[in-house]
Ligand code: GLA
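Next up is one chain by itself, shown in structure tokens, the form predicted on its own.
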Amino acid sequence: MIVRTPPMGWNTWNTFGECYNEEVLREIADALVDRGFAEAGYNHLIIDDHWVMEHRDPETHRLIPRPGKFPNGIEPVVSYVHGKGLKFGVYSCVGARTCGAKMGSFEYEFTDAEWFSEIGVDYLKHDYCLRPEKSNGETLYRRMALALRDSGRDTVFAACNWGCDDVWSWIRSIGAHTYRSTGDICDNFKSFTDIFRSQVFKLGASASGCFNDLDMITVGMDGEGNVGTSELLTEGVYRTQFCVWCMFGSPLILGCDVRTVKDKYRDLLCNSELIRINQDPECRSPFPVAFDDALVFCRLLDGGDIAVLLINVNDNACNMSFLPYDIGLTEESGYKLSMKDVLNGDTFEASDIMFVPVPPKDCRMLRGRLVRK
């Protein structure tokens, strides 16, 4: 199975933690479709930790869905999600137990992969907790990758080892389609800026087939749910997070409650021009032009287009500068940059220097191309 562009979907963890059940998942599936998320590309509904028991079936050795969450078993929920035109994802762990101390997949990888295939699982998030101390993470992820490949069903394999063990050097080779490269995100400005700053010089390991996952998106959570905030987050902060995830080519896995998220955040998360950048078929990594208080990233896109993301992490508005020279354009080349803000339609042209006003803790995402002077 080849995953050519970053997966998109929704995960239970940020909003619900362990407090979800069959009814909630049906409501989420309905909201993904009815509120336009599925049409925008968010087609995976993924359940996170706490969905199975602490022990296996003594005869089949299979995982047991928690009867309090799934009184009719997991299969009716999978069927409902598939019936909405969505794909269904589950959670497991390389360890003997999951991070929430439920049954993990250690030494049962082939058993679990076979069962996942039978019930119709399309996506597996595979975490990194509670593995035996002398076990090797690379080997454990390879084992599950082999099991999924042998299961007879195309399944997105999302490795979640938090960036441990120099994961960038081997994760593509073992067959994963995405890999979590950091610790868990929280719903605050520092958390998501620390995450993307930590990955700037490791993005070359992300490309078609295996994508660097910056973790689930907290846009629109407004301090509610399972990964709360200690500050009031503005539209600009959330806009910056989503633009970074799109620019960096990260999987777009939502964490907000899609049933109730404000329309302005739904519109941001479903912005077709931003998603188009994230899903660009060339899957090229962005490169930093400025990486201090002023953050500027460029990305070459399919068809000759160029994206430029300018991020103001300060508390005051500023005119941010961008030199076309930094992407290889010289004054004598006979070309200039013609750019358009994908959010508000403002246009910019420059052959030597470009000044772009950016509000505090906010960003501007530009898309354009070279044109002759």
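Residues carry their position along the shown sequence, with the first being 1. Computed from a prediction, not measured in an experiment: that's the story for all the values here.
Although it is not shown, the form predicted in complex with ligand GLA is what the next lines describe.
Choose from 269-277, 204-212, 105-113, 122-130 the stretch whose residues reach within 4.5 Å of ligand GLA in the model of the complex, heavy atoms counted. Within 4.5 Å of the partner lies stretch 122-130.
Just to be sure I understand the contacts: of 299, 177, 239, 180, which is the one whose heavy atoms reach within 4.5 angstroms of ligand GLA in the model of the complex? Answer to the contact question: 180.
Which residue, 184, 75, 118, 154, is the contact with ligand GLA in the model of the complex, using a 4.5 Å heavy atom cutoff? Exactly one residue meets the criterion: 184.
Please tell me whether any heavy atom belonging to residue 216 falls inside 4.5 Å of a heavy atom of ligand GLA, as the geometry stands in the model of the complex. Within the cut-off, so yes.
Although ligand GLA is absent from this view, report whether residue 286 comes within 4.5 Å of it in the model of the complex, heavy atoms only. Residue 286 lies outside the contact set for ligand GLA.
Would residue 160 count as a contact of ligand GLA in the model of the complex, using a 4.5 angstroms cut-off between non-hydrogen atoms? Close contact exists here: in the model of the complex, residue 160 approaches ligand GLA to within 4.5 Å, heavy atoms only.
State yes or no: in the model of the complex, is some non-hydrogen atom of residue 192 no more than 4.5 angstroms from a non-hydrogen atom of ligand GLA? No, no contact at 4.5 Å.
Do any residues of 84-99 have a non-hydrogen atom within 4.5 angstroms of ligand GLA in the model of the complex? If so, which ones, in sequence order? The stretch touches the partner through 91, 99.
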